[in-house]
Ligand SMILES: Cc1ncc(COP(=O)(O)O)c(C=O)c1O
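Read the single chain below, which is given as structure tokens and is the form predicted alone.
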Amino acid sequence: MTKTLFQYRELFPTLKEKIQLSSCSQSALALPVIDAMEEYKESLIQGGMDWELWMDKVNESKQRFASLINADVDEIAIMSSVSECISSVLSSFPVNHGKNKIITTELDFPCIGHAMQTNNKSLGVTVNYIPSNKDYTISLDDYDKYLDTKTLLTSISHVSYYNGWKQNVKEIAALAHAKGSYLFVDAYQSIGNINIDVKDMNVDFLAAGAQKFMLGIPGIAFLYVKKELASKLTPKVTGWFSQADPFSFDVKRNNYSSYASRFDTGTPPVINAYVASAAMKLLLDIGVKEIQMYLEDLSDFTMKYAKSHGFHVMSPQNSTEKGANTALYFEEAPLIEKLMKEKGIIVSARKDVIRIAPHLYNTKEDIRQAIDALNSLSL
């Protein structure tokens, strides 16, 4: 661990008793994040109600998310989950859009396919799934075969939740736009461990929640909507915070905001905004580029050490082609996860893999101990 990052390790109290390598599911909580929960609690105890303060915190969290992805704050909406983000985007397209299909992949998180299957009839489209290759990747040529001028929306994961494979979003965006398709990016597994620039990538929509590599907790997600698109779309799920002036309390008039906030719905998850804002400040103070370089080094170490113990690594073999998550094959992965937790080591199972997903606070020694423990369980 670099000297710069080592100083932050003491901010994570869980690490005094456990090894937490589960940032692909839930990261360890930092003291500033825990303090943010207390700050919200105190606002309730001392003030009872403070809408101005609460909305300042909500807007602060939007601003920090915008800074993380190089967007404008007017391009950010707040929701409860990525499931809600993709559902809201799909429901916002006009009925007479002139397209006949929407596309996702077999590697996307299931909520994407669920939302597409729910909205396909009302949109008058079919859902097409791009199959994965044997190594759980998809090539640009595969996208080219499936996308055409009748594609309304293409949804991809920046980083695969299953094995950490990282896609070239900029290339896929260029292809999608050449075919006349919008691009939705699920960045839940990349935000906080990979530098993201939505302007350079030229994506139309990007969504991510706070509980994974963003160092927060469940219950809040952020949706980026390209500035040029927002006013052209009409979300079908709405609420008073989607209005140009939520505090006008006009029950007879639906006056959508002209910005991405038209995708906001009801009262936002205020405590989650407190937490997310504090977590993102920590990421911004450290710098995601530095975190990314550090985690690439940990990825290299994880793969080499795992292979030296004979494990089948399901992730790409080059650390530049993956996120921080390294997936190891275990036929009974959920059971292994429970047994590891009993040893004080927190990892995350999905299907038939154990995911080792370090963050800025982890060390090679953490990973060594985790893989040694996995090896003892697999004997």
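So that there is no doubt, residue numbering starts at 1 and follows the sequence shown. Treat the numbers as computed from the prediction; the structure is a model and nothing was measured.
One more form of this protein exists, namely the form predicted together with the ligand; it is left out here, but the text below deals with it.
Engineer: For the chain shown here without its partner, which stretch in 180-188, 95-103, 305-313, 242-250 has non-hydrogen atoms within 4.5 angstroms of the ligand in the model of the complex?
Structural biologist: Only one stretch passes the 4.5 Å heavy-atom test: 180-188.
Engineer: By the heavy atom within 4.5 Å rule, which residue out of Tyr256, Tyr129, Phe109, Tyr136 makes contact with the ligand in the model of the complex?
Structural biologist: Comparing distances to the ligand in the model of the complex, the residue within 4.5 Å is Phe109.
Engineer: Though the ligand is not shown, can you say which of Ser157, Asn163, Asn272, Ser87 has a heavy atom within 4.5 Å of it in the model of the complex?
Structural biologist: By the 4.5 Å heavy-atom cutoff, the listed residue in contact is Ser157.
Engineer: Taking any heavy atom pair closer than or equal to 4.5 Å as contact, tell me whether Lys343 reaches the ligand in the model of the complex.
Structural biologist: Residue-level check for Lys343: no, no contact with the ligand.
Engineer: Is Gln292 one of the residues lying within 4.5 Å of the ligand in the model of the complex, judged by heavy atom distances?
Structural biologist: No.
Engineer: Would you classify Val288 as touching the ligand in the model of the complex, given a 4.5 Å non-hydrogen atom cut-off?
Structural biologist: Val288: no, not in contact with the ligand in the model of the complex.
Engineer: Using the partner position in the model of the complex, report whether Thr151 sits within 4.5 Å of the ligand, counting heavy atoms only.
Structural biologist: No, Thr151 stays farther than 4.5 Å from the ligand in the model of the complex.
Engineer: Which residues, if any, of 326-352 lie within 4.5 Å of the ligand in the model of the complex when only heavy atoms count?
Structural biologist: The stretch 326-352, when checked against the ligand in the model of the complex, contributes only Arg350 at the 4.5 Å heavy-atom cut-off.
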